[in-house]
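Next up is one chain by itself, shown in structure tokens, the form predicted alone.
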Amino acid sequence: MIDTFQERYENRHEYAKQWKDKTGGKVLGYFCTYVPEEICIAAGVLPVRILGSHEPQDVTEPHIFAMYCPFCRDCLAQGLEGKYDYLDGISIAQSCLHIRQAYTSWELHVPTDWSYYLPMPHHVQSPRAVPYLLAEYEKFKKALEDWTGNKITDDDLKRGIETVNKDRQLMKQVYELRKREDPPLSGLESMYMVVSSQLIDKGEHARIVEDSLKELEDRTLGRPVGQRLIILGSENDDHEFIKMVESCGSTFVIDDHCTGTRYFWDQVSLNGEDPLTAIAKRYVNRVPCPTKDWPVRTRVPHIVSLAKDWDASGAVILQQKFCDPHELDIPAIKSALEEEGLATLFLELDVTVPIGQFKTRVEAFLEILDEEDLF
């Protein structure tokens, strides 16, 4: 069953097209994990995260600044090249300026029937954040109803919450298994599992995860674990990079990525509240990305805790080139991890840089960790 996640990841476009043919429903492409999937599912819509291809491209220069991060330019290139021609609509919840520009350029230059910009407060620690977001969710819900022709009831919202929560719960169970001395799956397999959840029907994904948990109980990697690493930083579903690092004698046992734990770590808790308020509270209080982690820096102790709980011996910290939010975030995190005794390796990712350059630095980093284990 574990291989199913990779298959869904690699064949994401074919899957979405088949889902449309089978259900007659609409597919919504979204640019940021702050878009509330619960509301989309309640409307009968399949939310699909827009991702890049990790290949050099030359189509975005007229549309987006070259000094914007490779990830946002790669995403936009997929739209301009027609890779997402099956989307019925696109949406974004305000995150960083770069991905916002990718959304705006897509809206202007890629034929799309429906688009929705969802304001999301950056100051999530404000007491006004939840009321503000709740009001925006009311507008988003109404826009989805008008677009799909489907009335969204509280029962529909509860169904959306239950569907997404179940998938989150199961993925967290899988991640707990990675605490083992011999984890049952690699960091690459974990990435395929989480990212595929952003691409396919949530109920189907939950069933696959549930079946996989039975397989994982007695599964091992079948190779030495090597150095146990935490990976964190900018968006990263670069499977070739993760595969390369793990092939050098290491295993990613935990992460802090929007393609990893940050996506599923927190659930919606109803607690007798109306479902839309409960959803708003979840997205305000979830583990934040750097654009929303102020004035109190909550990410730093959270990441240190992950590294400790999963017994990581080192950290690979990634920054998509020109990614301003993570560039500001990384020094404090790097310092905190090193104070706890974890060695860190900082890498600046760019799809135009050959992976061999990264491999040399990774090998040197792992040699340092191996030497430290000898003393």
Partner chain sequence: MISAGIDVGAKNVKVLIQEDGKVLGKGSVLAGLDMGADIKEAFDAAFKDAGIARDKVEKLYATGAGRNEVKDADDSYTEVGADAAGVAYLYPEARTVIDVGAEEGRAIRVDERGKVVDFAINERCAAGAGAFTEAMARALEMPLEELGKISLTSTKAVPMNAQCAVFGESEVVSLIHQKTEKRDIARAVHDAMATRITSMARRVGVQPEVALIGGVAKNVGFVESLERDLELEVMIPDDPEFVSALGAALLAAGIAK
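Computed from a prediction, not measured in an experiment: that's the story for all the values here. Residue numbers count along the first chain shown, from 1.
The discussion below concerns the form predicted in complex with the partner chain, not included here.
J.: Just to confirm the contact call: exactly one of 308 to 316, 345 to 353, 30 to 38, 43 to 51 touches the partner chain in the model of the complex at a 4.5 Å heavy atom cutoff, so which is it?
T.: That would be stretch 345 to 353.
J.: E339: heavy atom within 4.5 Å of the partner chain in the model of the complex?
T.: No, E339 stays farther than 4.5 Å from the partner chain in the model of the complex.
J.: Pick out the residues of 38 to 66 whose heavy atoms come within 4.5 Å of the partner chain in the model of the complex.
T.: P56, Q57, D58, V59, E61, P62, in sequence order.
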